[in-house]
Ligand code: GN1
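Take a look at this one chain, the form predicted on its own, written out in structure tokens.
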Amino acid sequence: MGYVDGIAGRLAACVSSSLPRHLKEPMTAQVQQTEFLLDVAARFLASAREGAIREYGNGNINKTFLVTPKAGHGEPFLLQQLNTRVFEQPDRVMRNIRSVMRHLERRPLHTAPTLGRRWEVPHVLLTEEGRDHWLAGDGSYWRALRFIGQSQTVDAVRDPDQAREVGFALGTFHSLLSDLPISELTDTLPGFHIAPAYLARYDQVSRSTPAGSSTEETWCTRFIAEHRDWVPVLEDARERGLLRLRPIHGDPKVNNILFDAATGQAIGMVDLDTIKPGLAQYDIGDCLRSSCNPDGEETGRWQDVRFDPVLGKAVLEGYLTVARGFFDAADFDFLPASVRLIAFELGLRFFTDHLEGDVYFKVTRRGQNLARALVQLSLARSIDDRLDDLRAIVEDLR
């Protein structure tokens, strides 16, 4: 998640000030970038300067690099630049992560959810000064995380067994943090997952920058207009005291879950920047939304996107094997609507960003956020079509 902006320009000045004379001679932008990144990595592990670095993952917000130190001089680790346009107070992000790590470290080595299974936590590495981040001369904000080896991620769930593991991962995460007081967490993204606020923002943007006349933009505009009544369901329930705040991951899509490369079992959750007090339904809805779309989130065949209730049942089965203890009747009641809402909410956010000129989500081409919006809104339509099936699944699992 994040960007290394202006590499050929402002990074060159930062690089030049810290490199030996022979490296200050004219270099390509790519070499400058590599030298700069290795210099940042060396703030967390000095031997990293003599190692290798490459871009890693496909996050939409921050940018991540895998650092491989010279053989025998340390373990690989992840280097990330936080996108401070999104996380305007990055110290709050790190404070939340520290709170979660302290909480997990106080637990027994093998807790009930993970007993007999591998479970990993992406610990933060410290600089030589003992800080959990490094602020570069150009103002960019960097951190390092332990690289969890023998692991892999997936962009789409292949079968019910894997879906069950996805649910187990989120259920374990919620279970391990269920007794962490929300007072120990700050809200790193005010308004995040508050669907009415996203709708209000869309209304504001669409008035000043209306959608064009393309078939796709017209479809998104009409679909949003016809289903605005979906938006307030969870926030209304929270205001009425039916749902309560808990520690949530905030972004538990399927590619933020780690799987053991050998066994295929879920072994952890990564991308913890969005941990905050919130409704568990946001997390579960997001997990189901991303897991039960067999075509994945970047498919070009948005008209064919569908919600798979078989995968949905497997995700919920896996989740409830470890999370049933803190679920109550209202939590079950709002599960079906939450799945539909999160798909609609994300489609709304992608479409708004498209109208604004792609200022929030990272894109590689103009129109990518529109394509993403089409996928999510089409998925919301499919979930709505299968809502009775989803309600029946929830009733069977109560």
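We number the residues from 1 along the sequence you see. What you see is a predicted model, and the numbers here were worked out from it, not measured in a lab.
Omitted here: the form predicted together with the named molecule. The next part is about that form.
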item	value
In the predicted bound form, residue 346 touching the named molecule (heavy atom, 4.5 Å)	yes
4.5 Å heavy atom contact, residue 283 to the named molecule in the predicted bound form	no
4.5 angstroms heavy atom contact with the named molecule in the predicted bound form for residue 363	no
Touches the named molecule in the predicted bound form: residue 189 (any heavy atom, 4.5 Å)	yes
In the predicted bound form, the one of 38, 45, 355, 61 near the named molecule [non-hydrogen atom within 4.5 angstroms]	61
Option touching the named molecule, based on a heavy atom within 4.5 Å in the predicted bound form, out of 133, 92, 246, 253	253
Three-residue site 274, 289 and 297 fully in contact with the named molecule in the predicted bound form at 4.5 Å by heavy atom	yes
Which of 65-73, 47-55, 327-335, 355-363 lines the interface with the named molecule in the predicted bound form (heavy atom within 4.5 Å)	355-363
